[in-house]
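We've got the same protein chain twice here, in two forms, each standing alone as structure tokens: structure 1 and structure 2.
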Structure 1
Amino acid sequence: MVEINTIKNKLKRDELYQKKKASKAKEKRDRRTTLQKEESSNPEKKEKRLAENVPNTLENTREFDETMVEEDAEVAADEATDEFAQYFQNGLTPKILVTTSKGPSAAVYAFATELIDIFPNSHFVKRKNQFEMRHIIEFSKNRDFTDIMVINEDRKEPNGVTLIHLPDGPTAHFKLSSIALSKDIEGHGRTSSHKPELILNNFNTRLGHTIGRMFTALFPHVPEFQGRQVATLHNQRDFIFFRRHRYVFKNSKRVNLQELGPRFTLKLKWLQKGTFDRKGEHEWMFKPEMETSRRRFFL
């Protein structure tokens, strides 16, 4: 057979190339059709193929991390006495104070409104310029708040969230990005006052467990299933994606999802022991030199 690249006539060369390309595509379609017929009559063959053909991703080829948590008695003992134990063991109802940095813009107020809608029993308190963080923390403790959420901004756009668990910490600061308010999501649904269900994905290390427990403590223990609302915090490569949906039953086998909004992405920057203190001790802090590989993750 003549090699295509040896043909000098450009039109003839292109014609043969297109024929060869179409022939390969037909062979591929025929193989897929044959395989589909075989697997429809033999489901075990399909299961075997799917089990063997697992693609390599950054997630399943991540670097080994000795802090990965599985069934660990030591971790269970630590978590039984950590700062969130009162929530998990005694059923403490969350009460969240949402506020902003000094001199907030309209975009920050809009995002704060979305947070109030997400977290049941959350209250917005406008921050006056004379109030420092220590004043807000003391104010919140005296009024039995369990958490403080501070929205930070840069150039009149929200760019960070500081989360403080009361009364003894810890404090976490997240970079905030990719915000889409509910009104900007096409076809979004209307939220109701029902307490949502919560889904946490891929918080697998000791640090990830702490952050996961911190988020869990923001939601009531018992969701109201009749509302069919689900809040999801999905960790992928240390980026935490927030989504909120309502599930709609079409029949006994099919369920549709309607997005409620908002959408945003968080990335942990530091975790500090105790409540917020500029000179406090950090349990963990991200530094650029820690990114030694694309397959190294911390949560």
Structure 2
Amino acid sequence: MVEINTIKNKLKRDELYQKKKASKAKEKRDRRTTLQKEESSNPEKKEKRLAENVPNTLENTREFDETMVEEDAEVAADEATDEFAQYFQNGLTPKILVTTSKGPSAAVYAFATELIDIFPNSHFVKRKNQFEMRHIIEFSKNRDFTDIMVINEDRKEPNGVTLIHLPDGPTAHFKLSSIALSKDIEGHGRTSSHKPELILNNFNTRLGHTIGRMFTALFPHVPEFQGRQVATLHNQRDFIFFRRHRYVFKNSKRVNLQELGPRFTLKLKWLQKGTFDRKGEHEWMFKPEMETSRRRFFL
């Protein structure tokens, strides 16, 4: 067989190349159909093949992180006495204040309305120009709020959320992206006032634990299961995806989900120990120089 790349005639070369390609594709197809036939009658073979050929993903080749938490008694002890102890130990019901940065635009108000819907026992307050953050924090503490959410905007679109846990709770600032309001979601369902269930996925490091607990403290303790509503905060590669669904168990193997409410993505930018203080020090701050490796994640 002559080497294809030595044939000078373009037409002929092309023809031979196409033939070679076709034969390769056929070979692959045949191999796969035989494999499929064998495996349909012998599922063990399939399992064996899958077990041998596990692909490398960013998740399973993640850089070793010493702050990963796995059933640590020390961590559990720490968490028993942290700022969220009031919520976890004493069953304090969350009361959330949602507000915006100064001079908000319509998109921000729309997003704020959605946020009020997500969290039961939340209130929206219009931001007045004369009040700075420290005033707002003081007022909320006086009125027994447990959390403040401040929606930040840029160029008429919400682009960030600052979550302040009261009193003296941690402050976390997230970058907001990919916001889809319920009216923009195809086939969305109607929310009801039932307390939602909560799913938190992949908050594995110490930092992740703090953030996870922060989110848990926003929702009421006891969900109303008959409402069949579930709110999910799923962390994947430091991006926290928020979704809300109504679910129904079709059988013991399948669940049908209907998406409700808004959809957005959060990325943690910094975390401060106390309440918001512009000049205070940050417990954790994201800097682009930290992302030295594609396999390094912080949450």
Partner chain sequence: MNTDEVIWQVINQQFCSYKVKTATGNFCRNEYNATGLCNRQSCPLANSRYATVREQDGVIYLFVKTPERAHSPAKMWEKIKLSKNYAQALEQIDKELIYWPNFSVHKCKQRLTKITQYLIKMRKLKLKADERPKLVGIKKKVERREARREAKAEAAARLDKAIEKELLDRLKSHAYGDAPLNVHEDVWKEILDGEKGELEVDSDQTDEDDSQSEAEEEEEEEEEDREFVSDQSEDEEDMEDMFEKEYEHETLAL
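Whichever C-alpha set is largest while still superposing within 1.5 Å between the two forms counts as the rigid core. Here, residue number means position along structure 1's sequence, counting from 1. Note that this is a predicted model, so its numbers are computed, not measured.
Here the chain appears twice, and structure 1 is the form predicted alone.
When one rigid part turns against another between structure 1 and structure 2, the hinge among 26, 156, 91, 57 maps to 57.
Treated as two rigid bodies, the chain between structure 1 and structure 2 differs by a rotation of the smaller body against the larger of 8 degrees. After superposition on the rigid core, the Cα atom of residue 254 is displaced by 3.8 Å between structure 1 and structure 2.
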